[in-house]
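Presented as structure tokens, the chain that follows is alone, the form predicted alone.
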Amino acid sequence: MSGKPRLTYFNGRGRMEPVRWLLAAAGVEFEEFFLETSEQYEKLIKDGVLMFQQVPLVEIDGMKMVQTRAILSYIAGKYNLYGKDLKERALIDMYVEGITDLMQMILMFPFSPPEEKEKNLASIKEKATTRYFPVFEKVLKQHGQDFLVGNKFSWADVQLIEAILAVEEKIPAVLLGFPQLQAFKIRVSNVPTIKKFLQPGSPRKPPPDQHYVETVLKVFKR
């Protein structure tokens, strides 16, 4: 074993991408194993390594961790990206949960039937611009600091920059009218570990394509 965390998932974003982002933000190198067949997935279940028969699976510090939220909380705590006290942690949790709700819509978008894609894209834009992004625009404006919580780079900032870039891929002008978020995007994109992750050749995955969708459906036999 190299001692690096080992990530088991598909060769695509999905529920593992926030984990990749957070490890990269912490400056942690990791290894990946990509599921390509239902037999690989069934073997993991048979071997008892998937507690709830679900991926992502992250092997770290001698643990085989499942459930995205638990994995992310552990990484954030381990690498000092989870606030200085319980109050900051609660704020980070609230922000992350909100961003996760938005990201869930983006996560499911590639699996939409063709006739529903336009409607679902409109829903993503509407929710992003009226429910989610206004919250963070207001937070940044009110406290006037560089980062969301305690003026220190945290898990919440990582989750937000991931969401901003993911929504922008689908709706390029989505940050019009959000000057604080525009500045935040530039600022966080220049954090050294984030800047490195945004470079070509990093473990960051491209937007999901039809091959990714077909692989997921094949592995889960759907």
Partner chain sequence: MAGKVKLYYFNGRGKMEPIRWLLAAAGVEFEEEFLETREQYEKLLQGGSLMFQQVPMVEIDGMKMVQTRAILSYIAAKYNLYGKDLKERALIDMYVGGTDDLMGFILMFPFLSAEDKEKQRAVIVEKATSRYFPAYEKVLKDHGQDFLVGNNFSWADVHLLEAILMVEEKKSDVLSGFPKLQAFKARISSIPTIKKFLEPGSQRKPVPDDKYVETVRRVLRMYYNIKPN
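Residue numbers count along the first chain shown, from 1. Everything numeric here is computed off the predicted structure, so don't read it as measured data.
As for the form predicted together with the partner chain, it is not shown, yet the points below apply to it.
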Item to complete: Considering the partner chain in the predicted complex, find the one stretch among 48 to 56, 189 to 197, 25 to 33, 172 to 180 with heavy atoms no farther than 4.5 Å from it.
Response: 48 to 56
Fill in: Listed residue that, although the partner chain is not shown, lies within 4.5 Å of it in the predicted complex (heavy atoms), from R131, K117, K84, H143
R131
Discussion item. Although the partner isn't part of this model, could you tell me whether K43 comes within 4.5 Å of the partner chain in the predicted complex, counting any heavy atom of the residue?
Written reply: no
Worksheet item: Does at least one non-hydrogen atom of P110 fall within 4.5 angstroms of the partner chain in the predicted complex?
Response: no
Discussion item. Even though the partner isn't displayed, in the predicted complex is E137 close enough to the partner chain, meaning a heavy atom within 4.5 Å?
Written reply: no
Worksheet item: Does the 4.5 Å heavy atom contact test between E39 and the partner chain in the predicted complex come out positive?
Response: no
Worksheet item: Taking M63, K78 and E97 as a possible spot, do all three reach the partner chain in the predicted complex with a heavy atom inside 4.5 Å?
Response: yes
